[in-house]
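Single chain ahead, written as structure tokens, the form predicted on its own.
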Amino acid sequence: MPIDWSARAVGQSQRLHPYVPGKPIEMLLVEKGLSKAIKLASNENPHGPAPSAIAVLKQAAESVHRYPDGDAGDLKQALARKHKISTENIFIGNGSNEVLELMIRTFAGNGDEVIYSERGFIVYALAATAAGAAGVAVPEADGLTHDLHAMVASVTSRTKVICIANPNNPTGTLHDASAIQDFLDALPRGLVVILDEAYYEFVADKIEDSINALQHPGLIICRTFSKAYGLAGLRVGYAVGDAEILGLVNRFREPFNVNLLAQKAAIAALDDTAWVQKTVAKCKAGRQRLETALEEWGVLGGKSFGNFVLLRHQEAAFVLQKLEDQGIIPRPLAPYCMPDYLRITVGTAEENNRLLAALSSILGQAADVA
């Protein structure tokens, strides 16, 4: 008689589903019989990492037979200098995704609640479920923006963690520092608050640096090297917050969770501020161009403060299919209950040209279909 393994697994496994990343280029090439495609689905930096980071990677490759520094000490020192804080207030993770998951796992379990915005980053819900906690999804305010007042009102005695993404993925919306501080002031002091700033570098000129501006005993600020720094393939993220909180989270961390190449490249990328500023400027110019076109065509889904734009169309699935037919991979937002939206990463100038040319013809076809 076959064994029912699902009945033997922990209860939360029944409510979990794997995170679905953007479609790989290789998969689309096979599906469509194409020889070339561009991926605008995962908010990567299309310009790549700083040349100095690539040079360090080549040099560090000779040492991959050795384990990395399990504490990522040099990277912590570099981050401490940048943010003018102690290394005890820094936690390094295998991408900010691991940081988020470990934070929730450390402080929320069976019978606890984790609050997040209904259309916040989907990993919050997945991590809460995996920990055995109950996720509380709070509907957005107008404009797909976190409803901070409603999130405060949702706090109960069972609430252990609350997650805020700023700017938010996938909606691209942004709250200024004063709104976030008012939100923090209204929360219980013993609540862990995760402020996910994966896209911080794209708004650094618009809002105060939260690491030194915001105050709350349980505030944990998460950032990543996967977006503006162009190191998505190496998986490096970090958290800044109370040393005691991070020490508890560190107990759940796997040994050597951040590989040697990732640590070395992150330090080099962090030091090359000129490269980051240059690529961020290119992204903003490209984003403005794309949003202007989408607005003219009546399909702009909202202003974005990340490295992506939102397209909204009642036949979004048709637009998606036609874009993929032409070798362009956007991100459908149906998993976020946004079936009429596509999230499209800002690419290189050439990639943006190709996208706009494709959309120009596709949107006319979509109007006929509708």
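Don't overthink the numbering: it's just position in the shown sequence, from 1. Everything numeric in this text was worked out from a predicted model, so none of it was measured.
The discussion below concerns the form predicted together with another copy of the chain, not included here.
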ask   = Among Val64, Gly190 and Asn257, does every residue place a heavy atom within 4.5 Å of another copy of the chain in the predicted bound form?
value = yes
Partner-free chain; cross-checking another copy of the chain in the predicted bound form, the single residue of Gly48, Gly302, Pro335, Gly327 with a heavy atom within 4.5 Å is Gly48
Discussion item. Asn110 versus another copy of the chain, in the predicted bound form: is there a non-hydrogen atom within 4.5 Å?
Written reply: yes
* Asked: Using 4.5 Å between non-hydrogen atoms, is His175 touching another copy of the chain in the predicted bound form?
  -> no
Is there a non-hydrogen atom of Leu356 within 4.5 angstroms of a non-hydrogen atom of another copy of the chain in the predicted bound form? no
Might Glu101 be said to contact another copy of the chain in the predicted bound form, defining contact as any heavy atom within 4.5 Å?
yes
The stretch from 76-84, 291-299, 137-145, 216-224 that lies within 4.5 Å of another copy of the chain in the predicted bound form, judged by heavy atoms, is 216-224
Residues in 218-246 that come within 4.5 Å of another copy of the chain in the predicted bound form by at least one heavy atom, in order, are Gly218, Ser226, Lys227, Gly230, Leu231, Ala232, Gly233, Leu234, Arg235, Asp242, Glu244, Ile245
